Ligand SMILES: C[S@@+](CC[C@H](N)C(=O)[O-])C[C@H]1O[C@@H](n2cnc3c(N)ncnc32)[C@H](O)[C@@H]1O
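Here's a solo chain for you in structure tokens, the form predicted on its own.
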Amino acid sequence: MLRLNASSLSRAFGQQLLDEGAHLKPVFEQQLLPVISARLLDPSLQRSNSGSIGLGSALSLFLASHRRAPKLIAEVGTYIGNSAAAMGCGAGVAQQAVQLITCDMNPCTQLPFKGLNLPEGSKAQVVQGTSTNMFEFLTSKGAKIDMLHIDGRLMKNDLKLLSQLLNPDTLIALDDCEGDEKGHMNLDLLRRTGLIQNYVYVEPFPRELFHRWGLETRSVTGFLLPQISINFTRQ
């Protein structure tokens, strides 16, 4: 019998994203990477107790966002806005307006989409506050999230709110999914609440997959894929 686990799913999902997204390489290299690099080199954006996502995680978010084509993205953990930029850039390739809301207690930018050429009507909003503050705001608007990136520790009060905000096909990305880092802590919390019982966990893509794009890098971003988004095909 065929058995699939988080590791084998990682190889399958990552290979599909990288191979089918090969035509997006110029967008990633010429539009997104200069924005990310400039922010990393800007001393006014840095915070001593935080770090930005690496190249592999940025590419993973870029390709996954392009595949999902979200209209509304929510993010926990803004920092300098590089993960927000990666998701916005990936989603924007579909030529539909992208709305992103992100939160941080001490954000280092209010303009996570700055420097990107996104479709008209695209907008990013930075909430200076907790994830609960952001989720309460979204709930009050009756919003439904198409893609959620968690780069901070979820709070207990977030879980009931998330149950109202997630669609059956919401794509969830988890940063720092290695060892005992916060990604696995958030994954465990989501599992224990029953919020992701119809999802499958996908480990960060292995280093060798990025060789397909000529990159020597790694990712620490895991994904939660809705089971309804997984199909078996003859080709």
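Numbers for residues come from their place in the sequence shown, where the first is 1. Fair warning: this is a prediction, and the values are worked out from it, not measured in the lab.
One more form of this protein, predicted in complex with this ligand, exists but is not displayed; see below.
Taken together, the three residues K71, D146 and L171 lack any non-hydrogen atom within 4.5 angstroms of this ligand in the model of the complex. Of the stretches 195 to 203, 45 to 53, 22 to 30, 162 to 170, only 45 to 53 has residues with a heavy atom within 4.5 Å of this ligand in the model of the complex. Contact check for G88: no non-hydrogen atom falls within 4.5 Å of this ligand in the model of the complex. For the chain shown alone, A94 is not a contact residue for this ligand in the model of the complex, no non-hydrogen atom being within 4.5 angstroms. This ligand is not drawn, but in the model of the complex it has no heavy atom within 4.5 Å of R67. Taking non-hydrogen atoms only, G115 never approaches this ligand to within 4.5 angstroms in the model of the complex.
Along 64 to 90, residues E75, V76, G77, T78, Y79, I80, G81, N82, S83 each place a heavy atom within 4.5 Å of this ligand in the model of the complex.
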